Every structure is written in C-alpha cells, then in structure tokens.
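Just the one chain here, laid out as structure tokens, in the form predicted alone.
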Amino acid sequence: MITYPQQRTCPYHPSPGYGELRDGTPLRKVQLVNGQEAWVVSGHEQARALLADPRVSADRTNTGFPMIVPAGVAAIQTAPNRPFLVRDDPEHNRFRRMLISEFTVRRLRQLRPEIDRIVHDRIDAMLAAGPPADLVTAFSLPVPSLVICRMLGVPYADHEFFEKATSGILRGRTPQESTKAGADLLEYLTALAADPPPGLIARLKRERVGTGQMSLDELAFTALLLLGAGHETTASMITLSVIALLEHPEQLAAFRTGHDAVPASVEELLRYLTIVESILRVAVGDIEIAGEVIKAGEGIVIATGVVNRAEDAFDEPDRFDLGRSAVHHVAFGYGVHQCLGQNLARTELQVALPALFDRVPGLRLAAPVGELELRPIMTIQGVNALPVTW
C-alpha cells in the first residue's frame, strides 16, 4: 500500500513516488504518514464531485478526520473557536458571508494600485541592495505580507514576529515548537483584536463583534487564518513561479511578451506548482463513487498535486505550458470551501511576476535548483531561500 504524502524532489513537480497514484485509478485506500488509512483521490472528476458533496465534511473534529498536518495547525483547527474554513455549513457560510465582500474581483481591482506600489517599492529596495539577493526575503515574502497587513490593519512593524510564528506553526522542528508558535500568534492577534488599528479587523470588531454576530475569540481566529494564509501561500507561489519560469526559458519568453495573457499564465502556474498538495476531508455519510464506497467516518485526501496533473483533465499534464487553458485546476479547492482569498492571490501574482521580470530582465538563479532546500511534506510547498542575481 502506498504511503501518503511523500516528499517532493523537485520544487515544482509532485513526488516521483506518486506514480502508482497516476495509473488511472481515481481513488484508492492508502496509508497516511500518521498511520491512519484513508482514501486518496487522484481523479479530477472525482475530486470535484467529492469537494462539492454535502456528505463530505471539512470539520477536523469529526471522527476519522485525516489529520496529516503539523501539530500547531492541528491545535488551531480543532479549537472550539477554530477558523470558519475548517467548519461545515451553516457555520462556515455564516462567517464566509461576513468576509466575502473584502475579496471580490471588484474589491481587488480597487486595491490593485496599492499592490502595484508595494511591488515596485520592493523591487527598488532589492535592486538598491543587490545583486545578489535572496528572492524570498527581498521580494516574495514582503509583498504579500505588506498587502495583507494593509488589508487587515496588522502593523507591518511586527512582520518578523508573525512571519516567524507562521513558519513555526507550519515547519516547527518539534510538535511542541509548532504548537507554541500557534499559541503565540493567537495571543498576539487576540490582543490586536481588542484594540485594532484601522482595517478589516477593526471593521469586523465594530460591525460583527459589536452586534453579537461574532465573538472576540472568533475574530482572533479569523484574523489568524487570513494573516497566515494571506502571506505564506502567495510568497511560495511567487518564489516557485520564478523558479519554474527561469527553468523554462521558452515559457519565460512568452510570459515577457504576452502581458495580455498574464491572467491565463497565472492559472497554469497555479496548476503546475500546486503548493497546497492535499485537501483533507472526512465522509459523514456513505458515498458511492467510481465503483467504490467511501463509508461514513473514513478519511478523504484530495491529492491536488496529482489531480492537477490528471491526464483526463489536462493534455500532457507534466508539460509546463502557459498557452493552455488551466482554469479548471483545483489549486484553490472546489465547492463551498473554495479558497476565500483566491482573487487576492491571483491579483498579487498578476502584478508581481510581470513587474519583476520587466524590471530585472537579467534575473537568474544563483544556485542550481537541485541544491535548493525544499520544504517538508505536510506543509505548504516551496523553498526557504532562493539565491538570485542579475
């Protein structure tokens, strides 16, 4: 029986150990790294069907849930006031409706000039200090951190603390270190929510906590979710996008000359890189699918890194091709729990990547890809540092 998940050996390809998962069988029982058995779904059609099925739960407190996450994440996701993203409807939908207006295409269009200014300020700073540079600390991480700080009202002066805490939650050396990092960040955001600077946290406190629709603890957990997801995921996407483009010069040339096609190119990058490799669920009713029966209480793992390379959904799926239409990828999930911040992530990528390659035309890797330190399994995929020069 195959073990899941398995470590990547290349920043932008799923583990070579997933060959068995890609043999055409859309779902199968596997042994998870925590010793639990669960269904791993690799078929594109089946993944979307299950993610939209009301008999499939995102609630981590349900019996049989496949908790293949770091200890700090598990502590946050099973807390009484846990973030809405790991709850089911109607609670999930109640919180989502309070936030959705902040992440619409229209709202992000309004924020785009500010995102553009942040991107160019960071490029100015990187050019002034280098070459060389670590792209992660000089550009990939500060851009989404600054953007989400401005949106939420979190002081950017505290960025070293919350970036380190988020990293500790996801990649702590021990379960205790991961759990402590989560507790520290929650304590920080609870204090901030009590007396927030102007921004989304302050508006939620005034309009939702003040009217009894949300508790102060729930506001702190919501802020923790938005702050962590708002910078960590997009930072990884920017970094891995740069690696993939520099490693595929013909695609980079097309990217540089095809600014009108940037939105479509970003969709292919999201598909190809799939930095969140697994979406975790549990069945709360028996589900018959693809000739199998997933019984209530059995764990389900949507292997998004494999689903986004499914041959029945994408022609030559291992080929990086900015000319393809990849909008049906599941990098942001699917169904009612689809990523709330996907429009923000898309906008940041659509601004950051063209600006970087336009203003630093000689950008190149300063270390072989094979020497980059890859992040471990059970966390957002990426690299901790990316030496570049120009």
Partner chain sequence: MHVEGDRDVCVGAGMCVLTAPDVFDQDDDGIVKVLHEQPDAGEEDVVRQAATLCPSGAVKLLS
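Bear in mind the structure is a predicted one, so any value in this text is a computation, not a measurement. Positions refer to the first chain, counted from 1.
Same protein, other form: the form predicted together with its partner chain, not shown, and the subject of what follows.
Enquirer: Applying a 4.5 Å heavy atom distance criterion, does Arg55 contact its partner chain in the model of the complex?
Expert: Contact check for Arg55: no, nothing within 4.5 Å of its partner chain in the model of the complex.
Enquirer: Can you check whether Arg60 is within 4.5 Å of its partner chain in the model of the complex, heavy atom basis?
Expert: Because no heavy atom of Arg60 falls inside 4.5 Å of its partner chain in the model of the complex, the answer is no.
Enquirer: So, in the model of the complex, is Arg96 in contact with its partner chain at a 4.5 angstroms heavy atom limit?
Expert: Taking the distances in the model of the complex, the answer for Arg96 is yes, it comes within 4.5 Å of its partner chain.
Enquirer: Could you confirm whether Lys29 comes within 4.5 Å of its partner chain in the model of the complex, counting heavy atoms only?
Expert: Heavy-atom contact with its partner chain at 4.5 Å: absent for Lys29.
Enquirer: Any chance all of Thr137, Ser145 and Ala385 sit within 4.5 Å of its partner chain in the model of the complex, going by non-hydrogen atoms?
Expert: Checking in the model of the complex: none of Thr137, Ser145 and Ala385 is within 4.5 Å of its partner chain.
Enquirer: Within 4.5 Å of its partner chain in the model of the complex, counting heavy atoms only, one of 60-68, 325-333, 356-364, 31-39 shows up; tell me which.
Expert: Comparing against its partner chain in the model of the complex, the contact stretch is 325-333.
Enquirer: With its partner chain left out of view, choose which of Thr104, Thr174, Thr211, Ser215 has a non-hydrogen atom within 4.5 angstroms of it in the model of the complex.
Expert: If I apply the 4.5 Å criterion carefully, the residue I get is Thr104.
Enquirer: Exactly one residue in Ile100, Val293, Ala194, Ala157 has a non-hydrogen atom within 4.5 Å of its partner chain in the model of the complex; which is it?
Expert: In short, Ile100.
Enquirer: Going by heavy atoms, what in 339-374 lies within 4.5 angstroms of its partner chain in the model of the complex?
Expert: If the 4.5 Å heavy-atom criterion is applied to its partner chain in the model of the complex, 339-374 yields Gln342, Asn343, Arg346.
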